[in-house]
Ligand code: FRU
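Here you get one chain, nothing else, as structure tokens; it is the form predicted alone.
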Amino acid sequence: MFKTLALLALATLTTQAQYNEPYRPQYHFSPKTNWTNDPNGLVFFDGEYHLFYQYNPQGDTWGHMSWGHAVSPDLIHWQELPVALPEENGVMIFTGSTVVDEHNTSGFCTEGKACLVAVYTGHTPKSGASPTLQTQNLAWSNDRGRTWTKFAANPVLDLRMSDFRDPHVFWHPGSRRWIMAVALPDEHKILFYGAPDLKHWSKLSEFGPAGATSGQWECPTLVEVPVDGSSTRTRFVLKIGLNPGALQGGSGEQYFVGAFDGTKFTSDNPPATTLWTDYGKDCYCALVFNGLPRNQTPVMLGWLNNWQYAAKVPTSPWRGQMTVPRQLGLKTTPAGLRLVQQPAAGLSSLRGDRFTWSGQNVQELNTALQAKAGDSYELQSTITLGDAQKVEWKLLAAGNAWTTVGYDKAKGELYVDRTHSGNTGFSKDFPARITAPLPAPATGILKLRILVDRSTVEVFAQDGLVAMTDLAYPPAGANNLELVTAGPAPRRVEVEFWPLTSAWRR
């Protein structure tokens, strides 16, 4: 018994040591070692959230793509498991979905129980006279995702194309069949297929081109989202990745709001309308969890990086991490329905002692914050602007290094400035002042929720109506935090601050 306890204690200490490297996020998922990019196959099953992800078991740059695997009881505390779907016979495992086959439509489930079925893109690189080939394939698990079997009759969908990928699959009760949304990247189209059994797919319709089309379309996700918190009123959101050519350069994502009747998606807006899920540079291929209880708000999680510099970011022994899980909703605005995002509720379990402050004396606030700041925390501020024209939070600051989250009322823009954030020289595309449109609020009140986690900054403005996600690599000890104003001071500032403990300390 004592030997077992000693081994468990040693394993815990080893995990903590591995998850305390410079820049290692403490409550954003990252694998212990090696490269990761897109999340894959997000699903809730038998009391566990499953996060699969693009993973290179052999190094910290892109290659040998396989599905890594982690599970969590709460979307915050993750346990990394062995690789679920490895590269095999020269076929890499690209992005896809996992579904819960409750009624054994596939024939893969045993003992009268539901099983997990993965639908993924198989990527066969060009070889000699044979061009690159991307096809859609199946694998299944009857032991809660711990071991997987690839379907012997793969592929189940093959258009003989080099760019045909990233299937998002879900069950549509109205038409009593599985629906697949899959991208034709170069044509800027999403194809919709239907199947009764996950094996025999028939084309239903297509969507696009529309919105932003300056790069390849990837990672589609179609999800039904509640409107204004209603339990009965919903619309569908079709989210599509764009790389390169996104708003801030490199990779980014847009979304469309509309209706899906089991066959066709119809956008509520004109084709030229472009709506962005995240205005930062570092949120890509965000997917939603399948299998959630019917009364649970949709939850989305993305890759926190950008293809412009993903292979150069200065982290070791891992490279790549995920955003915090985000709960989704739609809000009625004068311009129409718009997506709102908020960090998943489980994040509050990491909160330490709460600090609150309200008043007008910014110097007094900053003095109080010096004893509270750190490198992993949650900051909520409600600022009654009054005559103030510009307000800025300086984060992860020390000496000549800082990252700024600010608001310019005259320009009507929210911004993140990381040009002075520390280590920026690894890519010409990294140092940037990144902006999002945010007209002066009619109430005169600016609401910001900011998550800081060593090398990540996620900003949710006006209750999640605008999201901005950005990496930053500050120098050691850059833990200072202060509010800076230009011109007249705000009429009132209200602050709530919580240090966030590490999700890896068990």
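So that there is no doubt, residue numbering starts at 1 and follows the sequence shown. Everything numeric in this text was worked out from a predicted model, so none of it was measured.
The same protein also has a form predicted together with the ligand, omitted here; what follows describes it.
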Residue within 4.5 Å of the ligand in the predicted complex by heavy atom, from 313, 180, 238, 285, is 285
Single option in 219, 75, 301, 138 placed near the ligand in the predicted complex, where near means a heavy atom within 4.5 Å: 219
Which of 436-444, 463-471, 36-44, 450-458 lies within 4.5 Å of the ligand in the predicted complex, heavy atoms considered? The stretch 36-44
Could you tell me if all three of 24, 309 and 426 have a heavy atom no more than 4.5 Å from the ligand in the predicted complex? no
Does the 4.5 Å heavy atom contact test between residue 30 and the ligand in the predicted complex come out positive? no
Does any heavy atom of residue 166 come within 4.5 Å of a heavy atom of the ligand in the predicted complex? yes
Counting only non-hydrogen atoms and a 4.5 angstroms cut-off, does residue 54 reach the ligand in the predicted complex? yes
Looking at the partner-bound form in the predicted complex, is residue 98 within 4.5 Å of the ligand by any heavy atom? no
Note that the ligand is not shown here; using its position in the predicted complex, name the residues of 58-77 with a heavy atom within 4.5 Å of it, in sequence order. 62, 65
